[in-house]
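Take a look at this one chain, the form predicted alone, written out in structure tokens.
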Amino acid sequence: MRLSGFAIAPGQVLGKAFVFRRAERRVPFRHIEKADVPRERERLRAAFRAAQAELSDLTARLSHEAGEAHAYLFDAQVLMLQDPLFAGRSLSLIDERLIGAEWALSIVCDELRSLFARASAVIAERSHDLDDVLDRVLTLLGGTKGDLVLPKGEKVVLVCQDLKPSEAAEIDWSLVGALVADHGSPTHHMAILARSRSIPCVLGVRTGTAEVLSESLVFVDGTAGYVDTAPSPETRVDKITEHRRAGLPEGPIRTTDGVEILLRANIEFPSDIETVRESGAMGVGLFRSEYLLSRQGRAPSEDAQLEIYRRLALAVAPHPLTVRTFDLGPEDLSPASPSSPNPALGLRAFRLLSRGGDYFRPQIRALLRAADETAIRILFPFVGGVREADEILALVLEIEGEVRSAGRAFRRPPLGAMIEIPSAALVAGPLGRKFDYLCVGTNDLIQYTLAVDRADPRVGHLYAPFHPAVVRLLGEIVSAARDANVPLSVCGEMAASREGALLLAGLGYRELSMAPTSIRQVRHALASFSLAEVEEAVAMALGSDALSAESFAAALRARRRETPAPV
């Protein structure tokens, strides 16, 4: 049986499954006497202090093992424990309802969990942090801790419902050959850790823990995003790909008929820059700069950002570093207070400028100054149309005046707009005449076009990059960019798969950006076909109203069979 999910970290592994099912949480309920309230409140305060100390130790360990950039994973939990409302509400319930600390804390967690569920997908995933905090404090209050202990010996395929941040930080990853989880998405902490450790990973398979038996042999394809629970005898270990490749050739890839396609890398943390060099990528097509905010919940200073951007740009020179300005919303600045019932459709990115100017203005100043010495491109996310484009460009012009008045050296780098909202896709031509380049973010464009939250396990299976409506919209963006005579690229995950990269090339995209670990397979795929073959396969596939990755792959195979062998 094949279980499909999100392709998180590329690579293929054939191995024995270790299925981890977390025991059901049991929260003891106790009535207490009024005289016991002070003692019960102090028990909870002491547990909070001890939990913060444990998280500090975990942060230090994770920073040492996976790199300092990943130590932020516990920031949200520390903030919860330090939040006077979180602690204060729990302490008040002990007094008001005369209940034990465990039950009071669980009530507050239930209230917050309900609040998170109404927020964006990114914020909703923070309920895992909430559960982690609850279990940690319950254990410190005298509960039983259920550790995840992996068997020693050969690496296993870890199959779980999900991993709490502390579980992900505490397990011995040297014993994990691949990770499969029922829940999770590309932004989940499991995804971040799997990519940082180059462990093939598939998330969101929904029924993995129910369908997979411990000790059974399974095949995990983190590149294509599926798990085979009964691999055929023909599935051989020698087909398994390595996860860490070095020394790959640089330069654009060429199809067999000589058409050049540029491959660049997406990165999330400054520490990822080494993998860019190892992958052979021609620079960075997307640096998700909002991860710079994660350590302290606020942006680094202008000068600190300047040094970061300058260092990253020099590391990939002479190729460009493309920095996406902070893509965040008020709920990211204050997680306990979402800005609207659905922040993904509310204030976000530059829509937040009136309330988040302290974030955007120093960032743009730093980028303008860094561009004076290095090849930097600025990419603005979540542009909805021409009016927003004008507001962004006016802001850049205003900030240039500020930098000039301060006597700072600067240069305006290429300015780009992300096409990730259908409204922007439909006015891509006018946007192309405003900006220096356009970049399609397929992740959001697909979910907004199909009205599917890809992180929601209830509808995640409806997230379809090859949906005919999505593919036709992608084709229309290419035509609009050509008419506007503006460069066009793609930085979404669709470009990271073999069929996705070929489809995009066939539609007319000549610059693709993806995770560094995906570049090798995409390079091989593009070098295996002529552009003419791919374009004919695209035309064949578009004739079907049931287009899928499988039908497109079949069209490619059919076209290859029809191509006469060279004389």
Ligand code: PEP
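All residue numbers are counted from 1 along the displayed sequence. Please read these numbers as outputs of a predicted model, since none were measured by experiment.
Quick note: we don't show the form predicted in complex with this ligand, though the next part is all about it.
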Name the stretch, out of 472-480, 439-447, 171-179, 79-87, where some heavy atom lies within 4.5 Å of this ligand in the predicted bound form. 439-447
Considering only heavy atoms, tell me if Arg411 and this ligand come within 4.5 Å of each other in the predicted bound form. no
Is Leu158 close to this ligand in the predicted bound form, meaning a heavy atom pair under 4.5 Å apart or at it? no
In the predicted bound form, does Asp132 come within 4.5 Å of this ligand, counting heavy atoms only? no
Taking this ligand as it sits in the predicted bound form, is Pro362 near enough to touch it, meaning that at least one heavy atom pair lies within 4.5 angstroms? no
Have a look at Glu102, Glu167, Asp221, Asp327 for me and say which one sits with a heavy atom within 4.5 Å of this ligand in the predicted bound form. Asp327
Only one of Ala424, Val227, Leu286, Val276 gets a heavy atom within 4.5 Å of this ligand in the predicted bound form. Which one? Leu286
Contact check, 412-426 vs this ligand in the predicted bound form, heavy atom within 4.5 Å, ordered by sequence, gives Met418, Glu420
